[in-house]
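Just so you know, structure 1 and structure 2 below are the same protein chain in two forms, each on its own as structure tokens.
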Structure 1
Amino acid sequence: MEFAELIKTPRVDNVVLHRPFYPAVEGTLCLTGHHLILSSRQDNTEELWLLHSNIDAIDKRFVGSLGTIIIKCKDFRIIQLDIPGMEECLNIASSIEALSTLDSITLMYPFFYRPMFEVTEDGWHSFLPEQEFELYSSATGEWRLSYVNKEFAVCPSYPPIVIVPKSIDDEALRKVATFRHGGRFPVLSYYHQKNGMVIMRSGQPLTGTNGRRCKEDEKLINATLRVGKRGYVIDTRSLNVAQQARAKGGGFEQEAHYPQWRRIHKSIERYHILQESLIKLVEACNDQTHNMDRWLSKLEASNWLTHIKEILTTACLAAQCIDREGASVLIHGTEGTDSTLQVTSLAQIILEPRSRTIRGFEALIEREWLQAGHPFQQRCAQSAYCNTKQKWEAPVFLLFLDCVWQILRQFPCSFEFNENFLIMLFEHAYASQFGTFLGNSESERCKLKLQQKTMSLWSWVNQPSELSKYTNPLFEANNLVIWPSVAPQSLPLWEGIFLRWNRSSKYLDEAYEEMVNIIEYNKELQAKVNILRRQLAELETEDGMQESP
């Protein structure tokens, strides 16, 4: 298919653009295969370049021959275009609708994008499972790399290489895979070097109503326990939901077959409930007519902060089991690709200082989200404005990023990255020139040949010129476990995401600049103090030598 077939009117003059925080500007609107571009001849006017894949929904209205298109973006921005001529307006609208809903992944921009920067690091090879395993293997010999999923035959949503207990062979793993939802047998997610406890993750066991069991599964998860120690299974579903899953062939670990494991049920919502929550929240944020009471009531009705609290509470529970109880943990929900990953990755941020650095956090996203099979293509296909109800969309990754922001806000000196880093990841998960978040699993990414045909987000982000934008000036390495508060008053709305197009961040930006200047000035003064101390020490030494006979 040629993009030209979808572009009925490639260019229109005298279009007026209205967008947040900029004055209205008149210019020429151009449509390309992947971008909507508006450029003006006015001096000091920034061009608008908008990826079609960032467009969530459009509305049209007409007054006489003047047409208006309102573009609602996946990053929650709303843009208005006033287009002279009804026919041009209708043509532009239908072209945008067609170009923003392309079915084929290979027609998306990452397959056409060519970097304008010098590529010094191949992000596709920055965080390989073998490298991650080396970090653990120096501390313990109880685990091994398994290549049982080399052709994605055992589990289509797992990567080709996984870390499993050394005492369990590949044949046993194949049997366990038939007993776990989607073939997702328990694999290592995190090894706590302080006490050797681990977090594992999997899909639900397929016990069904008959109480089916699998000896290999029991042996596998028991292999993670120390002698005389108990473990915890954290099921991210309520007991009621887990029991309903049994009737459909799923289920949970029976105490009779897993006597050394205590099961705890939490209640993290899924799919359409999360999507509806996001839609309600963004709608409330965009309505400027509310008084304070009505705004707070709509914020509460969205339940967004309730979801944040539930996810963080479960992650804290997992971290507590590891660090304070000295017990290993197995985490799963139904598929093990959504709430499971939220909990395993947040528990690591709480427990593991490396996950709070820029590269450590990138490795975490690569390992616990991309390689672990979170279906980004399905979950991020639409955002808060789309009218068509799809089954698979859900802001699972955005909720995770929001939880990370909540912890960052409570521990502002413990993270090497800043809020802008999290916002950038949100934007690229929904619309990007890079191939990192395309596809639903490693298997799909291999079939699409993303490593050969697209650029990795990490290749761009890890350039020194880009990293400086995302580095937290307050960072001081903290090797301790950090325990976030989940009290309602400790969990505010993330304004940097949800209110950034509604209210200017000018004063916050100025305050941030001032803070950076103070930190730099403090460093300069500290350097001078160190020089003066050295000079004083030298003078005292000289005096001492002169006084001695």
Structure 2
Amino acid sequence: MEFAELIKTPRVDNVVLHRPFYPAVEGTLCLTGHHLILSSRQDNTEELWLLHSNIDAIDKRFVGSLGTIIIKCKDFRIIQLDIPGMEECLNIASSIEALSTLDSITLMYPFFYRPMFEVTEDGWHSFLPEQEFELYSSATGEWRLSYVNKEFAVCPSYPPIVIVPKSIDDEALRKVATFRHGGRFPVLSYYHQKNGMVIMRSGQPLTGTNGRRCKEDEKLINATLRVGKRGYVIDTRSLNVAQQARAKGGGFEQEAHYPQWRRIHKSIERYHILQESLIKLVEACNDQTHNMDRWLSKLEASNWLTHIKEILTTACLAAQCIDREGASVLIHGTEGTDSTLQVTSLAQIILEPRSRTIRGFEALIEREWLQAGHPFQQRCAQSAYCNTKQKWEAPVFLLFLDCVWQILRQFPCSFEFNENFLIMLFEHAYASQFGTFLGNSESERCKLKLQQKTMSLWSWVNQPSELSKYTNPLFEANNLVIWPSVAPQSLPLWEGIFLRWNRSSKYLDEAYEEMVNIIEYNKELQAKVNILRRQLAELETEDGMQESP
């Protein structure tokens, strides 16, 4: 195995590990192909197991012969290793650097990970598109499954199976694909059972500067409207950006050609702007020296919460069109793989109670992020500490999770999962032993044979013992549409993610535990009372039977 070549020094003794809120630990540092391990060899002392793929950046410095490596993780944690011996330290540092930036996906840990648990339900088959479609097909006959993309030939970033209007045949879909960015023709994202309105998503239309049009595209979109109804196109770019896109062959739906559709422009940022925002935010959170005013101004300057507000507002707007206006919506930005998915998935959280359950949320991520072709591999390659300018990284998924957390905070009893569930998903999107978030699209995952060669995250998460960690004790099924507030006062910083390593969570954890205890005890009593009632009822019926003749 070529890992051995990369590991120059597999073992160093007397290494001291420093982490915030923990006493320093001295032990032996080991490097394996995928992990950095520190073991103190003492009982009851926590060891450190760190995936190389979780390492975002490292710094090294020397004082005499004592070397120090500062490891900055993609989950924002910063740890420090004091390593005696300059050579050892340099070797370890270069090994970590090499191992944490492997080029080939197939060398990643998921391809080597062997589960230590029994798989009762294979997560790769937990959320099949056919099953998801069945939920709709019982309610409406206006939609169908299309296998036009079976070979990923029509649209490389789409899954093999998509839902489209029944009246549009595959031939038309092929034509529409040529008119949409990345071949992403409009497909069904969400069907609102209450009034039959839908959310569709796509890539931008390739109108270009001379206003190219596509009859099939117009027909497809109009096929989703009921007689006499109008729909909304929500373009996640500002009008300005959308107009500029025409010069590069892109564009937007001209009202003249889509008279039944009204276009709304929002402006959700993309790519490096988001990445820079994350970098600034995490830097502000890690800076312990500044005063209150600087903290607030750095928080403001990061613009993170501005992005949160913009994304949530757009999602609310989409949901409002569906639920309150009774109008269908088509959502796209440029590619339709980032801000589009943030909006379509958040709108579903607002509209659809099922997506607020654990299973439903997993299905949502599977459908609206993985199948829909969000390029996880590219977006999550680096996190807040990356110092090289790379074009494709962006915390698009993290912003989505943050928005979900914001809604969860405003409706703490309406979600089956808790904050830890969201944090777990964030961690696995950036570094994981599971194959779920590998690759940039279904076609890539297919080629990598992830289903055969790696384990699905859902196989692990959906075990009862794991689920209990992620279940919100306050959950009460709420069948209503939930409208979050998007006022700045209502959108605080997500401390559970961004201050996770900067403050002790002891007291908050205790509070959570106390909350669980209160509810568990209540359930216990309820069960006891019910048993006794039944016993009593039985006894009394017996008595009654004796009495009645």
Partner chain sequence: MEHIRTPKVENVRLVDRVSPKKAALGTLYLTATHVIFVENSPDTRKETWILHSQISTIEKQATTATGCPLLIRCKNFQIIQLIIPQERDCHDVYVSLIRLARPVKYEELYCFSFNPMLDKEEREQGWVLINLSEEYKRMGLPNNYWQLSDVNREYRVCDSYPTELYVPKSATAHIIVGSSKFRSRRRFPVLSYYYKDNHASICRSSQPLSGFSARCLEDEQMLQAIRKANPGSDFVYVVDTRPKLNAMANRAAGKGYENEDNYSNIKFQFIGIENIHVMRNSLQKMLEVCELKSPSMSDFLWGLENSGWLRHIKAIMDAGIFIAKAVSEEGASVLVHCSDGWDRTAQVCSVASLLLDPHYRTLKGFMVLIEKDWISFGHKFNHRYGNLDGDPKEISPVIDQFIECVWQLMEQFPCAFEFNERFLIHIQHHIYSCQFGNFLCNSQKERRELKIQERTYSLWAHLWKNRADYLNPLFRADHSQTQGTLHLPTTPCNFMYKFWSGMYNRFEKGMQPRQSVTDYLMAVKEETQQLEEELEALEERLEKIQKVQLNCTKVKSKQSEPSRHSGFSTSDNSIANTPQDYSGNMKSFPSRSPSQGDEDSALILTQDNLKSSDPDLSANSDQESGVEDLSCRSPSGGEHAPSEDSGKDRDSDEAVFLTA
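Only the largest set of C-alpha atoms that superpose within 1.5 Å between the two forms is called the rigid core. The first residue in the sequence of structure 1 is number 1, and each one after it adds one. Just so it is clear, the structure is predicted and the values come from calculations on it, not from any experiment.
Undergrad: May I ask which of the two structures is the form predicted together with the partner chain?
TA: Between the two, the form predicted together with the partner chain is shown as structure 2, not structure 1.
Undergrad: Would R533 count as moving between the two structures, using a Cα shift of 2 angstroms or more after superposing the core as the test?
TA: Shift at R533: 2 Å or more after core fit.
Undergrad: Superposed on the rigid core, does the Cα of R61 end up 2 angstroms or more away between the two structures?
TA: No; that C-alpha moves by less than 2 Å between the two structures.
Undergrad: For Y521, is the C-alpha shift between the two structures 2 Å or more after core superposition?
TA: Comparing the forms between the two structures, which are aligned on their rigid core, Y521 does shift its C-alpha by 2 Å or more.
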